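Before any questions on binding or motion, here is one chain by itself as structure tokens, the form predicted alone.
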């Protein structure tokens, strides 16, 4: 029996991992996020399982290694929160590269539809029996141009969803696909032409703050900015300023640059100390969801199955097809 320290456990994590066959693996579920202060609970475990907002720096890696952990199974696709230099030669890092690109692409379109047609505002009005439709006008998506940054699986599926609405599509990716159905343009041209900009790229040194003050100065007045990828792709303060200046017409954010201590938790009875997030949440033309784009039954099933199979492959000495080099 291999013991796996399971960090940052939420009810849906436990439900799907427990009901997915995992003979030979014993999950020890902990609600705490993985970091240098909590890694010690993995003592006596051969493996650990972590999530996107855990802090897996050198100190955490060293503590896990000292506890006996030799494999870290990320139950997500992203890995920008891991110090790979510290892990090299000590702990293998595995991930779930594809759990449900449809889930994220569909949530992206849901944000656009809700934001454009003011569904969130209409919902609040009608609950107070206010059936006025003044100020709720949107625009036809048909014929508008959406610019997609990142054409991995999620980006490709989202492009297809947009075409289904009759939208014009353009894309930017430093590694373009050999696909004649995708019109690739430069970042600058994408910023200038797009009515809606949607982010579907990983967070790297080159994509950090890809939407910043300079990028926003190039966009159409009234552009919508949508992010269901990683929070630090957007300079939140620059976005806030552009919203105040009416250069950006609206924003749909499922992720936020400083989300790690906030998202996935209930702070409804607290005063949030992040002034930028507080201002964004309270803007009528901004929708913030709490990193839930992936949250479908199909995605949760796939995450559990792939994570468990990744662990089986490691302990059996098989090829690690989902290892992050």
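Positions refer to the first chain, counted from 1. In this text, all values refer to a predicted model and were calculated from it rather than measured experimentally.
Omitted from view is the form predicted together with a small molecule, to which the following refers.
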**Asked** So which stretch, 217 to 225, 243 to 251, 84 to 92, 97 to 105, is the one near the small molecule in the predicted complex (non-hydrogen atoms, 4.5 Å)?
**Response** 97 to 105
**Asked** Any chance all of 143, 147 and 169 sit within 4.5 Å of the small molecule in the predicted complex, going by non-hydrogen atoms?
**Response** no
**Message:** With a cut-off of 4.5 Å between heavy atoms, is residue 154 one of the residues that contacts the small molecule in the predicted complex?
**Reply:** yes
**Request:** Indicate whether the small molecule has at least one heavy atom within 4.5 Å of a heavy atom of residue 61 in the predicted complex.
**Result:** no
**Message:** Against the small molecule in the predicted complex, would residue 116 count as a contact residue? Criterion: heavy atoms within 4.5 Å.
**Reply:** no
**Prompt:** Can you check whether residue 206 is within 4.5 Å of the small molecule in the predicted complex, heavy atom basis?
**Reply:** yes
**The single option of 71, 74, 239, 201 touching the small molecule in the predicted complex, heavy atom within 4.5 Å** = 201
**Residue (of 195, 173, 212, 183) lying close to the small molecule in the predicted complex, criterion heavy atoms within 4.5 Å** = 173
